[in-house]
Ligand SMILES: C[S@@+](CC[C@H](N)C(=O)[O-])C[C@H]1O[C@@H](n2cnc3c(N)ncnc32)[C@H](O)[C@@H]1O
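Before any questions on binding or motion, here is one chain by itself as structure tokens, the form predicted on its own.
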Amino acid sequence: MSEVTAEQERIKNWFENTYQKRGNLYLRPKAAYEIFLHLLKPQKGQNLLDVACGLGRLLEVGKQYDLNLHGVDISENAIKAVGEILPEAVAKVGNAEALPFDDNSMDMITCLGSLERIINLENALKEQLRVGKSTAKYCYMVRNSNRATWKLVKNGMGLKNEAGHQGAKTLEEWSDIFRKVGFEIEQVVSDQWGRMRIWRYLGLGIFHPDYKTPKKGFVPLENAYEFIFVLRKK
């Protein structure tokens, strides 16, 4: 693993403790991760890299598609857990700003709920461009700073998770960053987890049959809780 800064070490420690104490309770259920690969439309045998892979929920879904699984996370506890549930995966402890993978090696790269926690975001995105093939597709889920819960609760009341470097940006700000670094935006949809949870509670504990298909809902995209971006290289 490349050298980490003091701030990155603090973030790492927060995740180590979180995964050790809360484990899977910190994460959404596996079914909630299926939308991300559904949007990427993977083909059997392709190489998938999940950056900040956590306990491997997205990689578990990738196994259903017969993909070659790769993951990287700053947390040693997380990577240990991935190795236990997915011994076939190439999962490494590593810094998102210096990915331990070869140039032009990945067909799909995901980073879900973690870009806003990375200190040097531009460096991390350039690394993901580096390891992606010319035809690679990318899927990111990122937090919206224009949401009332963020402006009033997280920011306004000082409840941001500073130890875990929790952040957010508007739809326009995220879009500008991705384009500046070298991505072309193919699709942006709102995160579907809220709709999925409501259906699960109303539907006797099961998910709606079309939960993988994004729905617009009643909230304008710019006010979504989180955004899901599908990108490719320019």
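Heads up: residue numbers just count along the shown sequence, starting at 1. What you see is a predicted model; the values in this text were computed from it and never measured.
Same protein, other form: the form predicted in complex with the named molecule, not shown, and the subject of what follows.
Only one segment in the set 37-45, 167-175, 180-188, 50-58 has residues whose heavy atoms sit within 4.5 Å of the named molecule in the predicted bound form; it is 50-58. Relative to the named molecule in the predicted bound form, residues 32, 224 and 229 are all farther than 4.5 Å at every heavy atom. 96 is the sole member of 89, 96, 142, 106 with a non-hydrogen atom within 4.5 Å of the named molecule in the predicted bound form. The named molecule is not drawn, but in the predicted bound form it has a heavy atom within 4.5 Å of residue 75. Among residues of the shown chain, residue 117 is one whose heavy atoms approach the named molecule to within 4.5 Å in the predicted bound form. For the chain shown alone, residue 113 is a contact residue for the named molecule in the predicted bound form, at least one non-hydrogen atom being within 4.5 angstroms. In the predicted bound form, the named molecule lies within 4.5 angstroms of at least one heavy atom of each of the following residues of 19-33: 19, 26, 27, 33, in sequence order.
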